[in-house]
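Next up: a single chain in structure tokens, the form predicted on its own.
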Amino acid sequence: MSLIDGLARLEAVSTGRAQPRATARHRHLSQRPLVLVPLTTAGEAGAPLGALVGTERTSPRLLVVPQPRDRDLRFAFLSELAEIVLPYVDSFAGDVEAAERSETDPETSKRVKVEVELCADAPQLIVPSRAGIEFVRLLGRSMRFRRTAEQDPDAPYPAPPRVPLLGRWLTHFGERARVPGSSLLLAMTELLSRHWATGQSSLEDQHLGALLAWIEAPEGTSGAEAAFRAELARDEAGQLLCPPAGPATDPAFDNTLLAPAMERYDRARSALAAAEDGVAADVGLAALTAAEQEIHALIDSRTRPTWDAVWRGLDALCTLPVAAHDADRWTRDRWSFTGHRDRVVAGEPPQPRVDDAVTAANKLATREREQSRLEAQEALDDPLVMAGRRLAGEAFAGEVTEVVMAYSEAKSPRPRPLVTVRTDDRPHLGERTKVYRALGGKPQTAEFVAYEGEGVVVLRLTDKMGRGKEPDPGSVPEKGDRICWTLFEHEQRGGPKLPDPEETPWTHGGPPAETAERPDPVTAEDTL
């Protein structure tokens, strides 16, 4: 936690209301997101109990597994989920635009630009909490290796059509959620806690109801009191008024309501299966229908408050202006979505259970690079975030008091102006430390020369001044300009080139086995 975040939390405790941690929205929000509120069975990881899912605030679709231990009922749940998610994903796959991408020419081994298709937009999944993201990844892993009857007629428990395809897409969303700044799969608690600071711990912020209570606390009401009620208030039956944000359920709900309802459902199924005549079958069917409707009502009562809370969180986020670099990050998400769409259409196999050494290294390098890029972009887009970097000594702002033209000592002298800046900040500057400022959307580099007194810094500009002997107009600060300089780079450099998977050294497992899994044949289930 940075110093300014700690100050914001202290201010939230003092005022009783959440305090802003940002003045702009640093995550992309789609015009038509798909909201998913899942529930799981206690004691069995990954066993779905139910879900509310949809793109319309007023008309979500309720999916329920009356008996999670029944494989057929779980498959029916996943099949219904695929009928909702896959058409939503596919609605973004056809609208494309022309874009350029750098590729290596196999003949010349040089980087060339080629024109390819890029999806104009991409789908976005929103779940209540971080645990929901992990559940999406778990669902994807449990489905993407399943075989349907068409793919493998001898499969002992064939999955319904399109369930494996849903698993591949959920796996992609889950993997993309690990990339900092990505917005394909978002958790509402993380979105809100990124933009507002509350007077509670980050662990308590994982409760969506308590987090919203701090943000929405009315005048005259303490956010702490509202959050306390959201976490612990119960009705006459002993059930939480604000259920957890999922996918876990409250033990009181499991023991008092859900377990007896499932027992009645099991007894009704057994009675229907044992019916010996039409009258007994009708009675058993009526009892089974009533028990199933009771479970549906229970699941709806646990997911509906969270569904409404997610949409209230979206309303709060939409009040913030969009950050300047949001479009760049969303474009990278669109590239990721387009690439996975192409892999699915090409009939490539599902994502492997374990990445090879080169793929794992590439993923790690990508996440580290995107983390640094995200931190830099957020600071450049948001003065409140930049204030935190300034307090940490990673940036400083000041007024230009003097500019002295100087030149390099090379054979062809280049302009190297000396800029004197007066600042009240305390940056961590050392000999020839590089600093940067935004100039026309590009970073201009300078290096620290010396201190000329308390709070007076002398910098030497080194680039972005043109090719001539005289600097281009506007490329050199003028006396009286107030500029913010950063000690961190605005653009991240690429890492070292990694070998091809076929050239993996023996120290990292060696080349992949020649008996790799063959691609699945493209069937009618792979397209709408």
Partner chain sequence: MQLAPPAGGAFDPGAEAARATEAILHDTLHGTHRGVVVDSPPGAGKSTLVVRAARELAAAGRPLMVIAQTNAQVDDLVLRLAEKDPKLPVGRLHSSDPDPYDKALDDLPNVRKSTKAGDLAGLDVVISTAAKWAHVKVDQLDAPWGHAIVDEAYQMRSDALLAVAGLFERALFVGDPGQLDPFSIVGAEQWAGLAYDPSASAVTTLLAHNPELPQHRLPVSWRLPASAAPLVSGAFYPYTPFRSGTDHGDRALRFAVASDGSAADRVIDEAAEAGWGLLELPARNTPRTDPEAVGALARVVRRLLDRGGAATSERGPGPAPLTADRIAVGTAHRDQAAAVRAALADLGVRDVTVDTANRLQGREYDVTVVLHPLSGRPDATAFHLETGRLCVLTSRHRHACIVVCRAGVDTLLDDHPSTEPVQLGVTVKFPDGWEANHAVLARLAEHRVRWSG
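Positions refer to the first chain, counted from 1. Since the model is a prediction, treat every value here as computed from it, not as a measurement.
Note that the form predicted in complex with its partner chain isn't included here; everything after this is about it.
Partner contact region in the model of the complex: 354 to 362, out of 417 to 425, 210 to 218, 317 to 325, 354 to 362, criterion any non-hydrogen atom within 4.5 Å of its partner chain. Using a 4.5 angstroms threshold between heavy atoms, Glu175 counts as touching its partner chain in the model of the complex. Under a 4.5 angstroms non-hydrogen atom cutoff, its partner chain in the model of the complex lacks Gly468 among its neighbouring residues.
Residue contact with its partner chain in the model of the complex: Glu368 places a heavy atom within 4.5 Å of it.
Using a 4.5 angstroms limit between non-hydrogen atoms, Ser372 touches its partner chain in the model of the complex. Across the proposed site, Gly453, Gly455 and Arg460 without exception lack any heavy atom within 4.5 Å of its partner chain in the model of the complex.
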